[in-house]
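Below you will find one chain, with nothing else, as structure tokens; this is the form predicted on its own, and questions on how it binds or moves follow later.
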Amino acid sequence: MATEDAGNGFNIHPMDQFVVKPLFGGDVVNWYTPTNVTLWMGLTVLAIVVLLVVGTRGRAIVPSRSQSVAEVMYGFVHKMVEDIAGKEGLKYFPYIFTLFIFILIANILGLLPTAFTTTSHIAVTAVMAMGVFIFVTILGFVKNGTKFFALFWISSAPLVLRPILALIEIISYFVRPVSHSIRLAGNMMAGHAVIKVFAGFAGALGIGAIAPIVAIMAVYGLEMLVVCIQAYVFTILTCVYLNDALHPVH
């Protein structure tokens, strides 16, 4: 089958771009092995440092382009945290802003040709989602003690329904890190796979590849929107979970 595909020119493997590979030869990947994931996560951190540290070092009254971009993102996330979690939530703004800027820059870098999209891997998004889950759970008990259980007890509902609703709320609470991580990874993987499929058709059709090229441009433009939306969605859900930890009463 692979030979037939190659002979017809349609040798398309859209999921190959998500394979984790060692940087320095070999096929075995251990927990300490530098991989393409390691490389692009490092490049993401480097890009963040360039934008937020180097780009804003002048702190000019009339900001440069990089300073303007940094200030807009800072203000955007700051307002999001304040609107959802209140003034008390601003204490945890650095953590939330770190999540937002990392996901956003990683998503954007993943759109570069031959790049590796780190946020397409559930191992990366699950670590961030589990970190948020553990953080807000511990914070909820530290701030509220046993009153944190009020998050699961809907006092406004009829008494006979409260135990059933409490069970649903508990299940929903523990599913949070799963949905939180799969939503981001799934959207990143799906969009990049579609682009790779159209790119494969374009390569196979040669000079007659007008339709696939137009499709690539359309999907690529859509992906530019998706990478920003997914960073926003992950962050706003984190703010919602933080608000539940700070104010658990239904």
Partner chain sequence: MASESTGAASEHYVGMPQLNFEWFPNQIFWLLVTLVVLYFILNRVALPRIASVLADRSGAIQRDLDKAEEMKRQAVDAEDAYNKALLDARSTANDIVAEAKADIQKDLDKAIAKADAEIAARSAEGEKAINAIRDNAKKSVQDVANTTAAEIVKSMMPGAADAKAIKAAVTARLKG
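All values derive from a computational prediction rather than experimental measurement. Residue numbers count along the first chain shown, from 1.
What follows is about the form predicted together with the partner chain, which we do not show.
- Of the candidate stretches 142-150, 113-121, 158-166, 80-88, only 113-121 contains residues with a heavy atom within 4.5 Å of the partner chain in the model of the complex.
- Of the residues V194, A70, A202, A215, just one reaches the partner chain in the model of the complex with a heavy atom at 4.5 Å or closer; this is A70.
- The closest heavy atom approach of V219 to the partner chain in the model of the complex falls outside 4.5 Å.
- Contact annotation for Y173: none of its heavy atoms lies within 4.5 Å of the partner chain in the model of the complex.
- The partner chain is not drawn, but in the model of the complex it has no heavy atom within 4.5 Å of M130.
- Residue contact with the partner chain in the model of the complex: A60 places a heavy atom within 4.5 Å of it.
- For the partner-free chain shown, V45, I48, V49, L52, V53, T56, R57, R59, A60, I61 of 44-62 come within 4.5 angstroms of the partner chain in the model of the complex, judged by any non-hydrogen atom.
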